[in-house]
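Only one chain is included here, represented as structure tokens and corresponding to the form predicted alone.
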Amino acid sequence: MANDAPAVEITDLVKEFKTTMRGRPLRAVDQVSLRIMPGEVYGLIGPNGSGKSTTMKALLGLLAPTAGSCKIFGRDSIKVDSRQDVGFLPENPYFYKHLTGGETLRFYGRLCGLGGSVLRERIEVLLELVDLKDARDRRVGGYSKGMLQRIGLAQAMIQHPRLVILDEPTAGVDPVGSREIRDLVLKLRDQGITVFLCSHLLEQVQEVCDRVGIIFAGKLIREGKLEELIAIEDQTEVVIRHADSALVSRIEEIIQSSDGAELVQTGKPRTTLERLFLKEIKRDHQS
């Protein structure tokens, strides 16, 4: 198999569900095609009910396509061996509440055929990765939502996957927990692991993804590199530090005297509410 095969290749995917005995089937996914190359972080975004999770389940082989195909590293996703290189974190993962974090990873590791010193070492690496070493002996029934998502990401990584699939990884998580999960996604990318995530939280996708697909009513309506999608083509941004009012006035005069140019907006650049929130609580914690 070619080494340059896409990590994910979805071609003309259609998925329909029966509604009533005589009713027309519901088309949840309609002719979706996308490719994700190894090492990319790809975000599939759209509102609830747009077809994100159905597309993901078809890729995982949990649903059989009505038409089209899904491949993982060149293998048909319907075949069991295609999932050997895949780790999956569902939106609401379920764990045995009486197990500790360490025991949870040991349980999933043994399901994947790991054992002995190999598994022990892998558990240590993953607990360090998701920053849960101090909570390894706590029962997961007492974990916060953010901690549950992080132990879920650790279990998805237990068998050294080349592709990690995340369904709404920050849903229901507070801003601090969301930042921790996004930092983990960036760590996975730095390790060369491909990440495919679905979300309706656009700002969070914007911070971690290399490429984005927008799905609506089952159709992929836009796709491409993040920078190209969010760029406003007919505008140019210039950010100046320590500019006094005289300099700003001179710049405005130059723009007004230029043919075809129009000054759209002046003022201070803005951060996001989330970044402001995280900055302030970090400052309060350090004081």
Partner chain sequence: MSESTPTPAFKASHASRMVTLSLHAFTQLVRMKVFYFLAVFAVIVIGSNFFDMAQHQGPESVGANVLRNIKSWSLGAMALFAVVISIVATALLLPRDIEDRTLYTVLAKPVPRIDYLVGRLMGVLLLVFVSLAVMDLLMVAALHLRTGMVMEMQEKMAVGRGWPEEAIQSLKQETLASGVNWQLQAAVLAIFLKVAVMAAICLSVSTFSTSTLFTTVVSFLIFFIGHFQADALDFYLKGVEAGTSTFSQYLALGFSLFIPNFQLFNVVDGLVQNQPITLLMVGKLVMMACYYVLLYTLLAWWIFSDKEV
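Between two forms, the rigid core is defined as the largest C-alpha subset superposing within 1.5 Å. All of these numbers come straight from a predicted model, not from anything done at the bench. Positions refer to the first chain, counted from 1.
Omitted from view is the form predicted together with its partner chain, to which the following refers.
Undergrad: Heavy atoms within 4.5 Å of its partner chain in the predicted bound form: which stretch in 119 to 127, 142 to 150, 207 to 215, 171 to 179 meets that?
TA: Going through the listed ranges, the match is 119 to 127.
Undergrad: Scan A243, L62, I255, A67 and let me know which has any heavy atom within 4.5 Å of its partner chain in the predicted bound form.
TA: Checking each option against its partner chain in the predicted bound form, the one that comes within 4.5 Å is L62.
Undergrad: Given that the partner is absent here, does H160 sit within 4.5 Å of its partner chain in the predicted bound form, heavy atoms only?
TA: Answer yes; at least one heavy atom of H160 falls within 4.5 Å of its partner chain in the predicted bound form.
Undergrad: Heavy atom to heavy atom, is C112 within 4.5 Å of its partner chain in the predicted bound form?
TA: Heavy-atom contact with its partner chain at 4.5 Å: present for C112.
Undergrad: Might G102 be said to contact its partner chain in the predicted bound form, defining contact as any heavy atom within 4.5 Å?
TA: It does not: once its partner chain is placed as it appears in the predicted bound form, G102 has no heavy atom within 4.5 Å of it.
Undergrad: Just checking whether D81 would be counted as a contact of its partner chain in the predicted bound form - the rule being heavy atoms within 4.5 angstroms.
TA: Residue-level check for D81: yes, a contact with its partner chain.
Undergrad: On a core-based superposition, does L99 travel 2 Å or more at its Cα between the shown form and the other one?
TA: For L99, whose C-alpha is compared between the shown form and the other one after core superposition, the shift is 2 Å or more.
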